[in-house]
Each structure stands twice: as C-alpha cells, then as structure tokens.
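Here's a solo chain for you in structure tokens, the form predicted alone.
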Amino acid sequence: MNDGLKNEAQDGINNETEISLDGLIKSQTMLWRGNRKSHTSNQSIETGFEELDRFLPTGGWPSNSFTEIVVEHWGNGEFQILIPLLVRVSQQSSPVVFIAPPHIPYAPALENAGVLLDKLIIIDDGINANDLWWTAEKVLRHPECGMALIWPKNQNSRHTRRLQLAASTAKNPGFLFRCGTPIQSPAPLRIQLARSADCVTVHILKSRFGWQQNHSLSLNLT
C-alpha cells in the first residue's frame, strides 16, 4: 500500500472513531466533553434570564441534578436569581421546599413577584445537621417535589453525592447554598455570586455539563 492510500485509510479510521465517540457522548448523560457546552432540552429548565440561559452549560438550570450556589455573604443575589423559577414552579402547583434557610423568606415580596405562597414548605433552621441531610434527600426523591432549596450546616461530600443521586433519580432540581470561601464539592454544577449594586456577577466554579471560554457573567436582576 502506497503512502497516499495509507494516509487515506488512517483518516477514515480517525473519522469513524470520532463519529463513534460523538455518538457515545450524546447517548450517555454521564459522559461529557470538557470544552463542549450542552444544550440538551431535557437536561435544563429556563432560569427566567435569557443571558443566564445562554451562559450556563446546560442552557438553563440542570433539571435532573442540583446546583451549588456559593456567596461570600447572604444576600448577594442567591435568592433573586431563583425568583423566576420559584414563580413558575409554584404556579404549576408543585411544592417548593426550603430546608433550613438562614432567614425566613419575606412573604409579601414573594407574593408580589407571583410566587404562590400556599405552595411553599419551610423547614426552619432549628433542624440538626444529620436530619437536614436526611430530609433534603427524601424531599428530592419525592415525585411531587417541584424544587428544593437547601442550606446545609456543614460540608459533607458523602451526603452531597447522595443528594445528586436523589435529584437525578426523581428528576427534581435542587439548589444547595454555601456562604464563605469556595471549597471542593462533588456538586455537578457550582457557581459563585458576587453582588454589585443592581447587578450580580455569576462565576462558574465547576461544571460536569461542558465548559466554555467565558466563565463569568454580569447579570442585571432588576
């Protein structure tokens, strides 16, 4: 076989390998290509902010997973960024569960935004750490859960992985909030928020759903 035929044959093998790998990656949700952004519609829920949908690796909030949101101080936009989703889920008659929030949500503001208050379930901050993780897992696994917002009292990788399994099994979105310096976590999507006047900077710390060159977004929440 001459050199030209050898090169052509090798190119054919390389092309077939790339096609088969692409097919495998597309068919298996546990596999992903690090430099590729995923826009699979059944993996995401619209955030209510077009810019944020375009920015996030799944084209919205992951629908069968949970997102970890890290802030330096409470009140850095971590609640406002979820208001459109809270409105939509509550108006679909699905319960929204708050587990150990550091402050009781302000009901008049939620109602003015369109959130149906009778769909909110709040488990107060008095719950102990072990019961909190147990409750969060049971809530995420429940078929009637619309979404869960969780404020853990400690860092626990084993419990965090169990939350991810629960969310992926029941296809329920969950949000886990942490305050302080970002630390390692098995959460599939981790973002950090920083507040500045009416804008919040969204920075991607980690993503299992693909990646993109620009890891930060300035988002107007008004």
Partner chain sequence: MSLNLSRVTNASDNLTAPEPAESQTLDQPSALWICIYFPDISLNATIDIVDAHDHDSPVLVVENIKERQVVHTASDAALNLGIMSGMPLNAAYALCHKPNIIPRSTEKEMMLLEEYASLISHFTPTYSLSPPDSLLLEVSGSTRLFGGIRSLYQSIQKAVNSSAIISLSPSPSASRLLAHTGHKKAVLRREQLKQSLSPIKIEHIDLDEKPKSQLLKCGIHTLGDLWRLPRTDLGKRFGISLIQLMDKLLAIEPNPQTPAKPKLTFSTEITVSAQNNNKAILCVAAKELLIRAQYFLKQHASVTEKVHFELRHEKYDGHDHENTTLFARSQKASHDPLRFLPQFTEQLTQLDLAQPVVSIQLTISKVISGSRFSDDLFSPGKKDNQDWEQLMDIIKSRLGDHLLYGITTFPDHRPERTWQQKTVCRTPMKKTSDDSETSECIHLQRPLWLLKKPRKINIDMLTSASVYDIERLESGWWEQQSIRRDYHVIHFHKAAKAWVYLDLSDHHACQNSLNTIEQKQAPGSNWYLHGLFG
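Residue numbers count along the first chain shown, from 1. All figures in this text were calculated on a predicted structure; none of them were measured in a lab.
Here the subject shifts to the form predicted in complex with the partner chain, a form of this protein not shown in this document.
Within 4.5 Å of the partner chain in the predicted complex, a heavy atom is found for all three of 76, 102 and 144. Residue 85 falls outside the set of residues with a heavy atom inside 4.5 Å of the partner chain in the predicted complex. The partner chain is not shown here, but in the predicted complex it comes within 4.5 Å of a heavy atom of residue 95.
In the predicted complex, no heavy atom of residue 89 sits within 4.5 Å of the partner chain.
Interface membership of residue 139, defined by any non-hydrogen atom within 4.5 Å of the partner chain in the predicted complex, is confirmed. Scanning 165 to 195 for heavy atoms within 4.5 Å of the partner chain in the predicted complex gives just one residue, 195.
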